[in-house]
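Just one chain follows, in the form predicted on its own, and it is written as structure tokens.
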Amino acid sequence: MDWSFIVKYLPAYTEAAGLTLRLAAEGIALSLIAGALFSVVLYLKIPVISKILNAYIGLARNTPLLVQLFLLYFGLPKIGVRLSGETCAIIGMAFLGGAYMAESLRSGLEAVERIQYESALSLGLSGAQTIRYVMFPQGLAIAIPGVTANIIFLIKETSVFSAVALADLMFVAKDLIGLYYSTGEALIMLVAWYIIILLPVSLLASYAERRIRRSGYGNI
């Protein structure tokens, strides 16, 4: 093991990890917003829009993120639309993540007894108020395990960002292997950084799930 190599190129990995985390955070935030909105539409079974969303979810979940990035980065310029690598990465992650989040949150909403929706309406709450204050908090609590699993999945999917010329962790590892053939050292640093990023997320997700179980929200 060449420790001097690891020390020398640790700053490059640190910078790449910062880029990876920033893009992941932005993409996941957008996917959560989109997923929340889409899940409500699917739960309410709004005509036409629900069918469009189901088609989108099927498309997003059955095509790899790498293919989606290629279409954004290499395909759109063919019709005169040019996006930066970072923009493509964020859009691609939001497109893929929004579909997964929508399904997880929709399942959570549907697990809440329908009588609660009807009772809230009978008490004078509007449909929007019922979703916001009664159904969605309970549905989110039930969906937390699926949502956190999706977040971890999306963070791991950042490993394909190097395909659109982004200097993420995978890009740095492949670059160093190609230049210096220090495969072991480069891969060890790559794995170490993904563990550093993902382990706290996994621990936080487990903590959130335990808290929800103790609170009783997950057993509605």
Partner chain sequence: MEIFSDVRNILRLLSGLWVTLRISLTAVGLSVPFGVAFGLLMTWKNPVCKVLSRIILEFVRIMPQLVLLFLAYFGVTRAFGWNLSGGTASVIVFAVWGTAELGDLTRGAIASIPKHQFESAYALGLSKLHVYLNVILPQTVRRLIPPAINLVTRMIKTTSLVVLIGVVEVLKVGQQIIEANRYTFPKAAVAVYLVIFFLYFAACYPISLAAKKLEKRMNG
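Positions refer to the first chain, counted from 1. Here the structure is a predicted model, which is why all the values come from computation and not from measurement.
The form predicted in complex with the partner chain exists for this protein as well; it is not shown, and the discussion that follows is about that form.
Going by a heavy atom distance of 4.5 Å, is L204 a contact of the partner chain in the predicted complex?
Contact check for L204: no, nothing within 4.5 Å of the partner chain in the predicted complex.
Is L53 close to the partner chain in the predicted complex, meaning a heavy atom pair under 4.5 Å apart or at it?
No - in the predicted complex, heavy atoms of L53 and the partner chain never come within 4.5 Å of each other.
Are any of the heavy atoms in K78 no more than 4.5 Å from a heavy atom of the partner chain in the predicted complex?
K78 belongs to the contact set for the partner chain.
If we define contact as a non-hydrogen atom of the residue within 4.5 angstroms of the partner, is R61 a contact of the partner chain in the predicted complex?
Heavy-atom contact with the partner chain at 4.5 Å: present for R61.
Please state whether all three residues E26, L123 and A141 have a non-hydrogen atom within 4.5 angstroms of the partner chain in the predicted complex.
Zero of three within 4.5 Å in the predicted complex.
So which of I46, L187, A167, A34 gets a non-hydrogen atom within 4.5 Å of the partner chain in the predicted complex?
Partner contact (heavy atom, 4.5 Å) among the options: L187.
Can you pick the stretch from 133 to 141, 83 to 91, 97 to 105, 113 to 121 whose heavy atoms fall within 4.5 Å of the partner chain in the predicted complex?
Looking at the partner contacts, the answer comes out as 97 to 105.
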